[in-house]
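As C-alpha cells, one chain now follows by itself in the form predicted on its own.
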C-alpha cells in the first residue's frame, strides 16, 4: 500500500459543501474518505465512502479505522457535518437540542480525537471545522442560539487544539461562513438572505471550498477562524 498520496477525511460529504470538498481534493490527487448518513459507494478507487451517523462514536471509529486500513494515514480532517435549527430559544425541544449537539459537538469530538491520535504518529496533520458567522455576530430576526452554542464551541475548541498541538506538527483551523447558496435555500429566499450580508449577496459553495483549500496549504496558519461571510462578522 502506497502512502505517498495525502489522505483527507470529510464528514457530511454526501451533498452540498461536503461533496464539493471531496471533488476539490480529488483534483489535487488526495485520497478521500467521505462519510455521511446516506452516502453511496464510489467507483473511484481513491474515494472510500463510509455511511453512518457522525453523532455516533461507532461511526467515527469505523471512519478512522477504515481510512488507516485502506490508505495508511490521515493528513487532513474536514469537520463539515452540521445541523442548523432556527427557532426562538424557548421553542427548542429536547429533540432539537439532542440532534444539534449530537452532530455539531459529539460528531466533532469523536472523529477529531481519533484523527489527531493518528496524526500524532506522523507528527503532522490538519483539522478544519466548519463553523458559522452567527457564532460571532447574531442577527435580529435569525434565532440561532443552538448554532451559537455549538459552533461557538467549535471555534473555541479550534483555538485550543491549535495551541495544544502547535509543537507537534498538527494544525487546527475553522471556516466561518455566512449564508451560502445551496439547494437547502429556495431561490425565492435568495434576495432576502443576501441582504443580510454587507456585500449584498449570498456566498457560493466554492467560496467555502477555496477557504478550506487555502488553510490546508498554509503551514504557518493555525488557530484561525476564517470568516467567509460577505463582511457579516465585521459589522453592519
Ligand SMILES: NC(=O)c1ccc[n+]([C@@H]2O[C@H](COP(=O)([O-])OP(=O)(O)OC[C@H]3O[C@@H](n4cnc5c(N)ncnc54)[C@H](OP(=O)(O)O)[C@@H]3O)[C@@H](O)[C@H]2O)c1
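Residue numbers count along the first chain shown, from 1. These numbers were taken from a predicted model, which means no experiment stands behind them.
A second form of this protein, the form predicted together with the named molecule, is not displayed here; the remarks below concern that form.
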Just to confirm, residue 125 within 4.5 Å of the named molecule in the predicted complex by heavy atoms? no
May I ask you to check whether residue 184 falls inside a 4.5 Å heavy atom distance of the named molecule in the predicted complex? yes
Answer yes if any heavy atom of residue 166 is within 4.5 Å of a heavy atom of the named molecule in the predicted complex; otherwise answer no. no
Contact between residue 83 and the named molecule in the predicted complex at 4.5 Å, heavy atoms? yes
4.5 Å heavy atom contact with the named molecule in the predicted complex for all of 14, 52 and 103: yes
Within 4.5 Å of the named molecule in the predicted complex, heavy atoms considered, which of 26, 37, 190, 70? 37
If we take heavy atoms and a 4.5 Å cut-off, which stretch out of 60 to 68, 26 to 34, 174 to 182, 41 to 49 is in contact with the named molecule in the predicted complex? 174 to 182
Taking the named molecule in the predicted complex, which residues of 199 to 236 have any heavy atom within 4.5 Å of it? none
